[in-house]
Structures are given as C-alpha cells and as structure tokens.
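There is one chain below, alone, in structure tokens, taken in the form predicted alone.
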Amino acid sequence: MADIISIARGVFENKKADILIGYTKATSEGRTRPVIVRSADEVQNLVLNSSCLNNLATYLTRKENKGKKVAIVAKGCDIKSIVQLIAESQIKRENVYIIGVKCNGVKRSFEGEDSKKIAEKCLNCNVRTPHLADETVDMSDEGLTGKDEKAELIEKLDSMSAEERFAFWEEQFEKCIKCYACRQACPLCYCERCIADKSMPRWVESSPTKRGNFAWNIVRAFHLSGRCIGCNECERVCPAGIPLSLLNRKMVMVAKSEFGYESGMSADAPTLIGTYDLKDKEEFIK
C-alpha cells in the first residue's frame, strides 16, 4: 500500500483536489500539527503516525475552503465527522476526496507515560477500517494500551441521584473560562454566528459566571445531541480540564439505545434530531 506522501502527490498530479489537509511535524518533539498543502512540491512534509490526534474535518467548513475541492487525511472517527457534515448538507461528497487511514489508535498525549497510552476515544472505536474513503493508507501500530476510564465514570454518574449529578456538573462547569476552545475544535460547531455570541436577545451570559457557564455547556451539549461522533477534540483542547466527553458520550449511548441511531455512519440516513417517527420511544418524556 502506498504511503501518505505518494498518495498526496498523486492527488495533485491527477488534479483530484485543489488543497490537501493533513498532518506535519510540529516544533515540539513527537508532536504533529494540521497543515494545508497546496501543491505536489509541499507533500514531502506530510507525516502520519499515532501522534496525529487532531480531527481535521473541522477545517472543511471554514470559509476559506468553501468552493474548493478538498482532499483530507482522515481516521475512521474523523470520517464519521465528514459523513455527518454531508448528512447535514454542510459539504458535498463530490467536493471531498477522502484519504482514509487504517488506524489502531492514537496517543492519549505527547508527553510522559501518557504518550504510551491509547486515547480513550480509541478504546471503543468501531471504524478502525474507514467506512467511507476514496483510497486508504495504513498507519503503523505502536502497541498503545489503555483503560476505558470514562466508561466507569459514566456508570458512576448513572448511579447518582439527579441532585448529585447536578452538583457534579455544577462543580465541573465552574472551571469554565468561556474561551470557547471546545467550539472551535468541534467539526460540528459550524454556525457562522454561535448562540453564545448573540446579544439580542442574550441567550448565554458572555462572562464566566456560574449561571453563564452552566447555560453555555448545557446548550452546547443539547446542540450536539444525536450529532456528536465522539472524536473528543472538545475535551482535549479544554484548558480547564472539564470532562466534556462524559456528556457527549452519554448522549451517544442514549441515541443508540433509544433510537438505534449512530451519527456519522451513513450520509443517506435521516438525521436523528431532524426527523420524527411515530414509533419513536416516548417513555423518557415526563
């Protein structure tokens, strides 16, 4: 199978895309960062390894990339984001050339012992082999290991009373500094003007108050309900260390158990929030 550099070179030589979104080495040892390649002369700087954490799908809806044919290097979880964006009519399939990555997991972190551990999002991944791609490339397996700690936390939260869960999240959301890094990293936060930025009316307080923090995080969680694909970029970039994936993952679990729906698997399937079926369960409505 061809490596990422030869595949990328073929993309430009065969005019399959105008730009290519991939990974390159960062200045820090062992790290990678997103890069936009614009010609075959630049592809030699591309890399692909277990340090490629970023979900590059977030760049597909940027204004500067609209109207262009874009090639993108995408792991299975990233491809779920692309599929969801197609399903929500944010991008067109014919405008995206997907270089799918056969992936056995990425690193949890770049430093210390965590650099030997697999990211939590990879522990229950069901798309290690890309389910939508124009061509694929293998990413080397570095034998990363890890434990699904979030699953245990979700079970613990489920066993709590409503009052205890409220107190838990109130304490977590108090850490929020309203930097909106979670929004910027999320491939499905593509609104040109976020509800948090609106002032007439003001839906979410802009200052990092207890009430404003709670409103922002809950509103964002609801907006991702039935849409989140579990890339965990929001939690990874959060400078306050808020366990946002607990909320998102629980919603994914509910969508699957109550409606049999998993986001990002089929661009042809009706979106969960955008459809209604008379057979939908209603026991949770009180």
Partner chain sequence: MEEYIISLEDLKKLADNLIKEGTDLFLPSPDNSRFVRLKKADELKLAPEARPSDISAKQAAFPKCDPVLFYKRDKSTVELKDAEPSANQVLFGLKPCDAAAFGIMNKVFNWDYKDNFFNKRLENTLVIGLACTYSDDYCFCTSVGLSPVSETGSDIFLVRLSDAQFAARAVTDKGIQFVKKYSQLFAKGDSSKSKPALESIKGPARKFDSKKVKDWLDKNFETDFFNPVGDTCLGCGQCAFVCPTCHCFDIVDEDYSYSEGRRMKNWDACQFSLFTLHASGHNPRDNQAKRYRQRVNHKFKYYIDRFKEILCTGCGRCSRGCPVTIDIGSIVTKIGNLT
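Numbering follows the first chain given and starts at 1. This one's a predicted model, so the numbers in the text were calculated from it and none came from an experiment.
What comes next is about the form predicted in complex with its partner chain, which does not appear here.
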Quiz item: With the partner absent here, would 81, 252 and 283 each sit within 4.5 Å of its partner chain in the predicted complex, counting heavy atoms only?
Solution: no
Quiz item: Does its partner chain come within 4.5 Å of any heavy atom of residue 86 in the predicted complex?
Solution: no
Self-check item: 4.5 Å heavy atom contact, residue 151 to its partner chain in the predicted complex
Solution: no
Self-check item: Contact label in the predicted complex: residue 246 to its partner chain, heavy atom within 4.5 Å
Solution: no
Self-check item: 4.5 Å heavy atom contact, residue 116 and its partner chain in the predicted complex
Solution: no
Exercise. State the residue from 157, 125, 144, 181 whose non-hydrogen atoms include one within 4.5 Å of its partner chain in the predicted complex.
Key: 181
Quiz item: Looking at 232, 58, 50, 217, which has any heavy atom no more than 4.5 Å from its partner chain in the predicted complex?
Solution: 58
Quiz prompt | Interface stretch in the predicted complex with its partner chain - options 183-191, 128-136, 94-102, 159-167, non-hydrogen atom within 4.5 Å | solution = 183-191
Exercise. Quick one: name the residues from 191-212 with any non-hydrogen atom within 4.5 angstroms of its partner chain in the predicted complex.
Key: 193, 197, 205, 206, 207, 208, 209, 211
